[in-house]
Each structure stands twice: as structure tokens, then as C-alpha cells.
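Shown here is one chain on its own, the form predicted on its own, set out as C-alpha cells.
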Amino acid sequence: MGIVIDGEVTEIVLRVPYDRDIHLGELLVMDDNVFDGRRYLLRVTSIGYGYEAAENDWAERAAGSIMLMDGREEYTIYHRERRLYKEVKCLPMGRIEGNEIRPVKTIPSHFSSSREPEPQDYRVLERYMGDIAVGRLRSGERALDIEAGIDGNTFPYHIGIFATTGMGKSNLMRVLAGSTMRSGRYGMLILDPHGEYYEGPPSEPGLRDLNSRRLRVYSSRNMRGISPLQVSYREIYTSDMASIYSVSEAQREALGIFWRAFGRDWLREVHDHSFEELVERFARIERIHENTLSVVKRRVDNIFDMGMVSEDPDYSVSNQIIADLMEGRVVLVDTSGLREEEELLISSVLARRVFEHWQNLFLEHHDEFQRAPPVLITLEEAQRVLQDAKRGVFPRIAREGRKFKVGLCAISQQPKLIHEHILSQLNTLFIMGLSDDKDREKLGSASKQDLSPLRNEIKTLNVGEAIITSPFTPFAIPVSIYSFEEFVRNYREEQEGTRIEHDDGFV
């Protein structure tokens, strides 16, 4: 592919034949021509023109001559194969040593040659690809025959999925959920405000097409065969108000007083009491201002007007959702039939219930906690509730979740709107096509790996292409994401093969 002509430890420059097709992001292997057995894994980060000539302006003069001829006759470039070449800059991603990839702390010998990787070269990467496969390892624009993904045990260390509309976020999320189902070793709670995961977009498959017993669905819409979605008023804490409303300090103090006065029945009590009764009890004794009481009372009444809040103190889907997650299932909560404040309230309550259950296992039931699967809570349009690092349950999960095996998956088109402290907690990033420079810069700062050499590649990502950056891999992994249609087809073939083995008595 090319010969070393320049560089240093952090960048290798190759001279590549002018007629050799090569792309940004392409993976190469360099065999050291002095030290036998020493191999380097390289990644193309820049491609430029090069020419060999005695005069510095030869290329400009040759181009002028071609223009003057205007196609009437062909301009002859003598010794074309020697004169013309491509100058290709590469990032040394690691030195292959046995079954490991070591950091690069030296440079290849002079004039060492690069080549396309062979199957044995890629074999060393398989240990880093994880058990939650989302696609194939990508070299430039070419998908290789090596599955790529993440380790499900890293779910509690939090994930970010970032892409402009139309670049494949929802397809990636469906594949991630399907792969989690296939594994059966992890729980996933998907909070879906758009109703796009179960049935899928028009003319595309959804999660229901997997026909998996590891999928549980709850919906705010009246859907045949789907469990209805409701939570008890006793599950709504005063802190959940901050997830849907901007709460002033005075309102926060009033909510605290209501909690101390009524406990978990606070919402029902505030709703059942008239404004005048609340003024009589709390304005005079607790010194809550009447305007503050009026705002809180109105918001509580609005919550009770939501069809998602049950007046039965014992009814809720939360316990069943927790049981499903404990069994390693994917739980899809479709909130597409709700207004935004309703959707955020339900999402906040369910996420908090899951978090507190795993936290309680850790604190009081150590053996059961050890058996509990890691769980991932996915949040669409995450910038809505992650702009403030202290408000609501989701920032708390980002700060504390890894200790209790609970991870947060933040999905967003605008990572620049997510609070930098929360963004820094997301250890694994799926970076897809992003059109905004500020978004790319924000992710570059948050990544646990240096993405600056990959900025050109990130700018040119196509639909369905991603870079996975994680502290659990030796370098940022280039991936071609499966189309969910392809994933469904492969999943069904696997399940059919398993059934045949059972029928024949092999398993």
C-alpha cells in the first residue's frame, strides 16, 4: 500500500502509488523491515497529493500545459509512476504483540512497508469487539467480516449516541436493543417518546419483528396485546416535579414541607385539599406564600389530570418492569401518546424506581445484587433533562449509577446542550454524522480517547457509519452499523437454527 517516508510516534507519513485507491479511515498494517515480527496497526487520517520533480512549481506548470491543450491532444507525463504519488498520513493505533495491542512508543524502521490487513491481523481485535454486536468493523468505506460492538458489562459506565437527524440513531438503537435481547444477560429500559421502536418506521421492521420472549412492551396508547402504562400517585416524589417544571427555591421549600406533612401521599393530599384549605394550613403556619401555593397546587392538579397517574395507591407497572429487567429482558415503554410533561414525568418515575431498586439491592441484599444483571436506561432527546447537572433523577444516575450497575444511555442530536459534567460521565460514545462543529468539538473534549486526528473522518461519516470511543478499547473503533432489517433476518436464522437443534436433540 505504501512506504514510510516521514513521521513521528504520533503520525506516520506514507508514499502511496498514485493509482492506488485509498480512503479516510482505512486500516493498514505495517511490518517493520528491521525488527522481525513487529507489526503496527495504522489508520488513514489524511490524503494529499505528492509529486517528485526538480522544480518546485512543476505541478502548476504541468497543469497549465494541460489546460492550454484543452483536450486536443494528450499531455505526456514521463515516468508517471515515479513522479506522481499520494502522501498519506496515518495514526499509529497500536503495536500488535501476540494477542494484544500495545501503545505505540516507537516508530517503524525507515522505509518499512504497509499493506492491507489479513485475517490473522484482525484476529487480535476480536477480544475488544464486545458481546453486544451492533455492526461490522469498518476500514474506510468497506465493512469487514468482523462483528463489532461493546461489552454489555460496560452498560453501567454510561453511553452516548449522537447524530444529526437521518444519520441512523434510531436504527442503531434498535440494533443495540436487539443485540441485548439476543444476549439475555443484561436489562435495558427504553423510554420511547416517539413510538418508533416497537413497530418501526414506515416500510422498516421494528422490535416486534424479532418475535422475542425477551421483549416486554408498555404503552400509553391503546395497542392490542400491549400492557397499559400507568403509575401510582404514591410513586411520584416531590423531586420528580423538577423533571417537568422549572422549580423556584420557594416552590422547592413548599414541596419539602408537603413531603414532611403527608409523606408519599403528598400528591393526593395536595390535590384533594382546596386552595383555601392549603392556605389556612400552610400559609399562616409554615409561611408559604400564597402565590407559591397557587403554582404548586395548579401543577399537582395538572398531574392528576394526566391519564397516566392511577388513583389506586397499589397499582403500577413499575414492579413488573423491575422484574422483567432482573430477568435480563428489554423493556420498551412507549410514551408517544403523551404530552411532553407527561412523558418526562413517567420517564422520571420509572427510571428512579429502577435506580432505587438496584441501589437497595447493593445496600441490603448483597448476594442478590451480585446476581442482578447490569441495566441500561435509554433516554431520547436527552438534552431536555441533562442541561442541569443536579436537576432530576437522570443526572443522579449519571453521577452514581455505575456503583449500582445502572447505566444511562443519552441519545441526542445536540450534545453541546448537555451539561459538560454529565457528558464527561458517558464513557462509551457512539459518534455518527454530526453537521455542527460545536457538537463535534464538545464530543472531542468529552471522549476518553483523543479524537483530534480523526476529525476529518468524523466529518465525512456516511449514514450508518459510526466511531465508538471507549476507555475499554485500545483505540476508537470504526463501525458500519447493521441495518435493522439485516439484523432481524440474521436473528431469525439464529433462532430457527436453535429450534432445529433442540428438535434433533443436539442441545
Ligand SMILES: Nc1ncnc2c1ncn2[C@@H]1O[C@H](COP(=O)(O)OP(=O)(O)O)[C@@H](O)[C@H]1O
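One rule holds for the numbers: they count along the sequence shown, beginning at 1. Everything quoted here is computed from the prediction, not taken from an experiment.
Heads up, the form predicted together with this ligand isn't pictured, but that's what we're talking about next.
**Q** Please tell me which of Arg138, Arg216, Arg352, Lys169 lies within 4.5 Å of this ligand in the predicted bound form, judged by heavy atoms.
**A** It is Lys169 that has a heavy atom within 4.5 Å of the partner.
**Q** Taking this ligand in the predicted bound form as the reference, which of Asp121, Glu204, Glu341, Asp131 has a non-hydrogen atom within 4.5 Å?
**A** That would be Glu204.
**Q** Out of the stretches listed (318-326, 169-177, 244-252, 331-339), which one is close to this ligand in the predicted bound form, meaning heavy atoms within 4.5 Å?
**A** Of the options, only 169-177 has residues within 4.5 Å of the partner.
**Q** In the predicted bound form, does Tyr40 come within 4.5 Å of this ligand, counting heavy atoms only?
**A** So Tyr40 does not count as contacting this ligand.
**Q** In the predicted bound form, does Val463 come within 4.5 Å of this ligand, counting heavy atoms only?
**A** Yes.
**Q** Is Tyr482 close to this ligand in the predicted bound form, meaning a heavy atom pair under 4.5 Å apart or at it?
**A** Although this ligand is absent here, Tyr482 would touch it in the predicted bound form, with heavy atoms inside 4.5 Å.
**Q** I'd like to check something about Thr165: if you look in the predicted bound form, is any of its heavy atoms closer than or equal to 4.5 Å to a heavy atom of this ligand?
**A** Heavy-atom contact with this ligand at 4.5 Å: present for Thr165.
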